[in-house]
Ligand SMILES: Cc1cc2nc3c(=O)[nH]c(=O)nc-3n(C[C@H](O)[C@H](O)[C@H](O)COP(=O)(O)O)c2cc1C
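Let's start with one chain on its own, the form predicted alone, as structure tokens.
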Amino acid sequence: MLHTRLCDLFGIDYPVLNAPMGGGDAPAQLAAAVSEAGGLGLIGGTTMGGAEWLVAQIRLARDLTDRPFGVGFISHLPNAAELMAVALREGVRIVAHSFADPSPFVEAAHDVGAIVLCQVRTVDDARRAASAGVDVVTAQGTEAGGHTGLVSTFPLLPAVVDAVAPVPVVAAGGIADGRGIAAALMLGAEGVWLGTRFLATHECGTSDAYKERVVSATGDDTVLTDLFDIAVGMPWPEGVSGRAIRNRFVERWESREDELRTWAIEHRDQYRSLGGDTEVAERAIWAGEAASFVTGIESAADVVRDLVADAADVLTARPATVLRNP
């Protein structure tokens, strides 16, 4: 069906990866399910649980699958090197970094035979990652959910492919069906990295309310904003904002960022603790423009199988007749 050199590099059947979403959204159950279905599952290694949580997740994933899986990190945070070291000590041999220069992480990973991915949002960052010696570059477009850059996926992707060749490139952002996968492969990607499509799966670590909101949303409902990060006090590199589903919090604070900063000084702890019925209305529901293609909550294995089958159908279909004016 679908096979690229990425499959050979990772020892997987299909070049489909779940995004290693932080905060517990991509736990062992999700990574193992994706890997069992033939893709590459990635645990989101950056959570409030720290090293202890990560060790437990890696061991659980290993109990759930004997297929390859990896761990991804939000790498501009100060504990990224520590968490990667934990993963490597636990025998993980695929690690993914994002939001930082990967140079400090590559040597330690390569020393134990680990494969290093680095997610980037610009061509310049892609060149730096390749120069640092990463094994795979992920080109993430602004359509992606969660934290992302400003350039759209399909203009960014071929430019990154050209800039870092022969390093394999994975496409991320706005891809949630077989047509998107086929388009990414035609533009030179060796695989795809999907977050939003895996949010509405049984194995994802988000709440039921979160999943249902993603299912009910469309791409038009998303907004690229710094409001949620200001509220929780989470710093991100320059040029990175978060794409989330527009909600009551956005409507209340949009165009009032300075006032929100003042409000957050007093209310940050209270805001961080919000859950239950207030989550969807007040907290960030990180999701990308591909929410338009998420129509129900399924198992992650079914998602992988459907994506692969649909992409194969698109790639093998007879080209449509092109109509021209006489």
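Throughout, we count residues from 1 along the sequence that is shown. Please read all numbers here as calculations on a predicted model, not as lab measurements.
FYI, the form predicted together with the ligand isn't displayed, but the following is about it.
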Which of 173-181, 102-110, 220-228, 247-255 lines the interface with the ligand in the model of the complex (heavy atom within 4.5 Å): 173-181
Candidate spot Y14, G39 and F69, all three touching the ligand in the model of the complex (heavy atom, 4.5 Å): no
Residue contact check: T201 to the ligand in the model of the complex, 4.5 Å heavy atom: no
The ligand contact in the model of the complex: G195, any heavy atom under 4.5 Å: yes
Contact label in the model of the complex: F154 to the ligand, heavy atom within 4.5 Å: no
4.5 Å heavy atom contact, G191 to the ligand in the model of the complex: no
Within 115-140, the residues that have a heavy atom no more than 4.5 Å from the ligand in the model of the complex: Q119, Q140
